[in-house]
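Only one chain is given next, in structure tokens, and it is the form predicted on its own.
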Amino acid sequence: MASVKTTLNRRSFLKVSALAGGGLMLGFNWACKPAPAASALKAMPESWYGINAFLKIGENGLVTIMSPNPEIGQNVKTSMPMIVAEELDVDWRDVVVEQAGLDTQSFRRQLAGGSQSIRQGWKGLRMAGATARRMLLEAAAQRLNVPVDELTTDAGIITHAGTGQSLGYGDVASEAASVTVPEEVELKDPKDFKIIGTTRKNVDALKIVTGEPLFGLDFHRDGMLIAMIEHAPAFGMKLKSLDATAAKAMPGITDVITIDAAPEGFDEQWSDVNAFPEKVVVLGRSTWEVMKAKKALVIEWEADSKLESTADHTEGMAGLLQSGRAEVARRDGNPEAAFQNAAQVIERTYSAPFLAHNTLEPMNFFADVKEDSAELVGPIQTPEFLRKSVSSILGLPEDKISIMMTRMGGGFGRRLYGNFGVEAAAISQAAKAPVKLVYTREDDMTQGTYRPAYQVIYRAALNEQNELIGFHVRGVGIHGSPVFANRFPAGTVDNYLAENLELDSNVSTGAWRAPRSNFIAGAEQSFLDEVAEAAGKDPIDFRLELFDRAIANPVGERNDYDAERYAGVLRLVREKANWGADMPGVHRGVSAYYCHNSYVAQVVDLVIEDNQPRVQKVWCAVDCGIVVNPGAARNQVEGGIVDGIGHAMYSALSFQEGRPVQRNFDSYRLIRQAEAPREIETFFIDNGIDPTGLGEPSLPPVSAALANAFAKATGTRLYDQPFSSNMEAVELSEPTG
């Protein structure tokens, strides 16, 4: 049991006394992400509604936790309250959670991104639960006239063993509200956890499957107008003329206007990635009527800058890679001499295309802008930055703007960029009416904020003993390099060079699930397999030898990974997958990667069926520290694996004269159910370390494990994504005999 001082954050720990109807209410703005729990068995007092950030306990023992951060399917609305409930020592069935709106006075980091929710909220949430428990104990000690240290708690019941007396949390909740916030509280020893480490169902599951309103597209306000936008058809074009006569005459249409979502003087935030700020807007009574009217618009666009094609990007990146004018991100030893004196040099180039985010729920937002205030409701990963942008475009103080987050039908980084929320606010202000902006799939897929296209060259130098003596990586991407200079194999090779290049473009890009890692992990781990092969070594043994070097005698001081934990997941997946066993007809590939503070190793079992490659099974070992909700954690891992395989195999977005070619799912290929792995088995390392990221780390390495398995099956290496286009030229056949 560990003691922590609440004084470190006492200004953040807001205690509100004497709610109407009784109860204890605690705010905790160090808790970056609370969340909801199981179905409540007790009624919630009406007097508790309308508070933004708190932990509250009703007179009936019900515990309510507001969830400050966005829920994008990562299940924080279940896992976060589990943490609070654990330290509070309450019955999980007596916990409910409500979504809070944006409140930067009470919460920190109201943001969903970077797989940081549990990691950032872990200590604060535990402290919030433990502090509330201590205050309840103090109140019970006064009521029973016994020393507080003689009291124990279990499932929301306080007991004094000496007298046999007991009280429910609800019995003393009101009195606890007057107890002084303790300066120090004790946290549970992880071995005593009862809720953390157990699987709990998604608290929104019933609402999701029964269609109760949860998502932005579900939101409705009587009297609101539906708005849809038309943006330029190509990057590098702007509006020249508009004839909306026919559209305005159609049933249900109230107006057609134009807006500029980034006017002169606009205070642009990092989240304001928008290649098409100038838009034509159709307003009407219903989505269907507005969609029909959009098609009746007569718009002329004109070129404002160069209209790029996919070939421009591909050739531009290739030219930069060969130019030699790169930024040196890290240099160890003398890599030039190592390559000059090498007995063998292996060099390979890898590439990946632009990708769209394609969240199941397209972009949408509700806005009701009045002269002196604005209310916004919708699915956004970055509400705080959206409010700053809305404040700038509307000319309203931030404290006059409220933002309520809905559950999101997918994020994957797309909803970090809130241009659609800014647009909704601008439209509402212009229309002088409450408005719900709705994107079509085509609107979303063609407006930008794509995963950048990338290329990277890897070179390895081996001496006559087949030892790795030199390593060189040079990467280029649209608006930035994919290379992480201080990640593995940095620190394992005496002579190491990492270089960065970037290609500018008017195609807008942004974070896509596991930014940069989603490409570079696959390239790196595919290349290391070839290096191991050239060295005549088993690919897992080869990697472990490098980690042994990083553990015993690392090169440099900037290595941003823990080599022992990294090696640990490789050893675990080797053991669980029975690596090296004779498996006729099964071709195996391995990969391991570190990102978002977590370590993942994977083995893909590939078979050839009907002359097609088929992923039979994926074995996955994960070190993400303490696993709060194992069932939900497995879901995250499995989702990342399927997503990673699907995009590496099939997905690509291309351009012709600035126009995105793929506009909907008829032309943008996603993985299909029959193409997903038949089985995924996940193993977590139990090391007691505080939790780290999990929403993204399982995606990056799986493309390499798949490519390495394909190489074992066919003898052909895959260097360019999507893999399916390269596989077509490979002759595949099922094993005979």
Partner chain sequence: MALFNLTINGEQHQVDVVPDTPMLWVLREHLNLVGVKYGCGIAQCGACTIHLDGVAVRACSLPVSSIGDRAITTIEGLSPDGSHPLQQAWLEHDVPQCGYCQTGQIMNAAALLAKNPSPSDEEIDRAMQGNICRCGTYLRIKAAIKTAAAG
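Note that this is a predicted model, so its numbers are computed, not measured. Residue numbers count along the first chain shown, from 1.
The form predicted together with the partner chain is left out here; the points below concern that form.
Participant: In the model of the complex, which of 284-292, 390-398, 303-311, 547-555 comes within 4.5 Å of the partner chain (heavy atoms)?
Facilitator: Single hit among the candidates: 284-292.
Participant: Of 449, 517, 358, 99, which one comes within 4.5 Å of the partner chain in the model of the complex, counting heavy atoms only?
Facilitator: Contact residue from the list: 358.
Participant: Which residue, 473, 367, 592, 408, is the contact with the partner chain in the model of the complex, using a 4.5 Å heavy atom cutoff?
Facilitator: By the 4.5 Å criterion, the partner-contacting residue is 408.
Participant: Would residue 276 count as a contact of the partner chain in the model of the complex, using a 4.5 angstroms cut-off between non-hydrogen atoms?
Facilitator: It does not: once the partner chain is placed as it appears in the model of the complex, residue 276 has no heavy atom within 4.5 Å of it.
Participant: Look up in the model of the complex whether residue 61 has a non-hydrogen atom within 4.5 angstroms of the partner chain, and give yes or no.
Facilitator: Residue 61 lies outside the contact set for the partner chain.
Participant: Answer for residue 568 alone: is it within 4.5 Å of the partner chain in the model of the complex, judged on heavy atom distances?
Facilitator: The answer is no: residue 568 has no heavy atom within 4.5 Å of the partner chain.
Participant: Answer yes if any heavy atom of residue 440 is within 4.5 Å of a heavy atom of the partner chain in the model of the complex; otherwise answer no.
Facilitator: Judged by the heavy-atom cut-off of 4.5 Å, residue 440 is in contact with the partner chain in the model of the complex.
Participant: Enumerate the residues of 181-203 that have a non-hydrogen atom within 4.5 Å of the partner chain in the model of the complex, in sequence order, or give none.
Facilitator: Contacting residues: 200, 201, 202.
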